[in-house]
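Just one chain is shown here, as structure tokens, and it is the form predicted on its own.
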């Protein structure tokens, strides 16, 4: 009996680990701008997503969008649409696609592609004035994208 319990636990852990493989930015599959598959296989954390949306050193979404839920964050932008009600306007898959690369759904969007590493014209290496090197990566990690999507999904009208 002990062996069967350990075998069951090991199988569950292996299945979870296999399901939690991160999708690379170059392997993300968009369908009409939406990304139906989780980038990590792990549920996003809305509390962490809220931090990313309001943090000027991470997602900094509030530089362009207003979010009533983050009223304590000063200097919210008006370039993009207000994010209030985002969870009603778009599905989880659509939100994931928009955050990962908004230009796929909205071709003329000024929103940065937060999960993209190719197709840029002359990317730089941070604020060095030099060309990007091998460390050039997405603006947000796959888990951060999932966290932002989880948070945006909570924003209902």
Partner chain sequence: MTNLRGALSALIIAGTMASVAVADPVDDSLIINGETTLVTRTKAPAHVSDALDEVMSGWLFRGTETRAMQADDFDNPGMIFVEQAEDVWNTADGSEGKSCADCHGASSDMSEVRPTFPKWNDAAEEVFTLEMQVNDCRENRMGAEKWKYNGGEMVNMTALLASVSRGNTVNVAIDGPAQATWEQGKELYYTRTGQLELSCANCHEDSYGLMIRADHLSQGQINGFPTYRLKNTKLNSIHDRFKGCIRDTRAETYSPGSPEFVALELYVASRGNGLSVEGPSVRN
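Note that the rigid core is defined as the largest set of C-alphas that superpose within 1.5 Å between two forms. Predicted, not measured: the structure shown is a model, and the values here were computed from it. Residue numbers count along the first chain shown, from 1.
The discussion below concerns the form predicted in complex with its partner chain, not included here.
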Its partner chain contact at residue 63 in the model of the complex, heavy atom, 4.5 Å: yes
Are any of the heavy atoms in residue 27 no more than 4.5 Å from a heavy atom of its partner chain in the model of the complex? no
Answer with yes or no whether residue 92 is in contact with its partner chain in the model of the complex, where contact means some heavy atom within 4.5 Å. no
Taking 4.5 angstroms as the cut-off for heavy atoms, does residue 113 touch its partner chain in the model of the complex? yes
Interface residues of 108 to 125 toward its partner chain, as seen in the model of the complex [heavy atoms, 4.5 Å]: 108, 109, 110, 112, 113, 116, 119, 120, 121, 122, 123, 124
Could you check whether the CA atom of residue 57 moves 2 Å or more between this form and the one not shown, using the rigid core for the fit? no
Answer yes if the CA of residue 128 moves 2 Å or more between this form and the one not shown after aligning the rigid core, and no otherwise. yes
